[in-house]
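Quick heads-up: it's one chain on its own, the form predicted alone, in structure tokens.
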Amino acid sequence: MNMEIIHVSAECYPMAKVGGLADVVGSLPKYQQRLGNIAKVVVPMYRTKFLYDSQWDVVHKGAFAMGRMNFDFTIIKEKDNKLGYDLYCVDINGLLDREKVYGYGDDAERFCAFQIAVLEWMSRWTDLPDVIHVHDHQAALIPFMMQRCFAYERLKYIPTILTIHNAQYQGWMDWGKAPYLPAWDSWKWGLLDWNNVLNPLACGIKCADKVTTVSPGYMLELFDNSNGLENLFKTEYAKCSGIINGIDYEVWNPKTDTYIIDNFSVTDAEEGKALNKKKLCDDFGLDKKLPLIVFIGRLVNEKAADMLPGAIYNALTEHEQQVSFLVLGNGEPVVEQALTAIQGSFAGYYNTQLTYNEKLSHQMYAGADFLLMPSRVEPCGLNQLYALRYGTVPMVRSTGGLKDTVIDFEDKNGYGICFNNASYEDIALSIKRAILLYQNKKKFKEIRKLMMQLNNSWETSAQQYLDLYTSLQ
């Protein structure tokens, strides 16, 4: 059965990216399209490089009231189908015309207005889509508004899917902002409420026809640890499921990657990895003969980034001249300062880039030997899947999607290094295991070959989403 699917999200790579949400929304629709469906994505029109580098058509203009505020909005469509599907952007002057995705004091107003504009536009379509798939709290009020706001009566019976990429962020608003929503049946206020605040994510869980998370392991964890939503997940468990993310095998392909200096595949990985590692080590003043462990990601508590400075310091002290580290990412200032502070003590064995750099991240996956992910929370994780694709051994805490996608190399058919706690002790043991594995050249080569032959592309997951949509038709 072929369907028209509309994805609504705050992020979509390469239009706008903060984290893994952008990678998922940027690639899943392409694979759904290849399976014979029509997939479209709608995001805010942030002022990003992709916006200015692309050609656009204006497809709709409209206006709406949000409380006492009135807004005009414009919908534009990317002309050249660069992403393999139709990408639409919503422009609202004064709210969405900014460079950053999040972090503004009026984010509640921004994303409420975004969702209203999407529904104002879609409610005027002649032919309605088969499914509306919303992502995280920034789009989670859409199922409620479709069902309960009088203006969107035409959309009431379109099936809705909510995918939760991270349940820690829920979009909480005080009840004084309830008038932002178009007129709705006030008897249904309980659908918006959770713990006496207006909670968009909780509302989406209650109102969407199906709720998914980005891995089966993370779905199970939410019943016991979901930042206050535990009882809600237990109540709504019958419509909840976990579907593991895939990765875009065209974007993340060491054989064709234009960001790296030497392309390679599983058949010539040893030579290709060595050349990319040499370039990386030369660029950052590291010794290419030593095992290179990298961290790539946001320097925040969820990623256990606060553990990195101490763990790296201890490892370089205990295993002097046996290992080197390279860190790429930005986030909490205190973590950035601590990572900078230890740099002078280990010249030649440690370096850091406190920024986000897509090109460098590809070069690090291609050139590193190990990727460290000590995450406290990891709903799916894409970095470990990128690492596997590029022959870099993931060192992961067994949580969420990391537990679903990485098997310890000492277990049957294993290829990674797994540990149980985001603690200095467990990270130290994993580093020691990495050094010993690296020194066992035969075993290390076998693991690299095994991991590079795994299939973590979107084909299987895209079909699972389509099966879920079909169950609602």
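The first residue of the shown sequence is 1; numbering continues from there. Just so you know, these numbers come straight off a predicted model, no measurement behind them.
Quick note: we don't show the form predicted together with a small molecule, though the next part is all about it.
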item: The small molecule in the predicted bound form reached by all of V42, Q115 and Y152, non-hydrogen atom within 4.5 Å; value: no
item: Sole residue of D287, E358, E236, E99 within 4.5 Å of the small molecule in the predicted bound form, by heavy atom; value: E358
item: Contact assignment for the small molecule in the predicted bound form, among Q363, N383, Q138, N199, heavy atom within 4.5 Å; value: N383
item: In the predicted bound form, segment of 83-91, 177-185, 123-131, 375-383 with a heavy atom within 4.5 Å of the small molecule; value: 375-383
item: Contact test in the predicted bound form: Y350 vs the small molecule, heavy atoms, 4.5 Å; value: no
item: Contact test in the predicted bound form: L21 vs the small molecule, heavy atoms, 4.5 Å; value: yes
item: Contact flag, P394 vs the small molecule in the predicted bound form, heavy atom cut 4.5 Å; value: no
item: Contact label in the predicted bound form: H319 to the small molecule, heavy atom within 4.5 Å; value: no
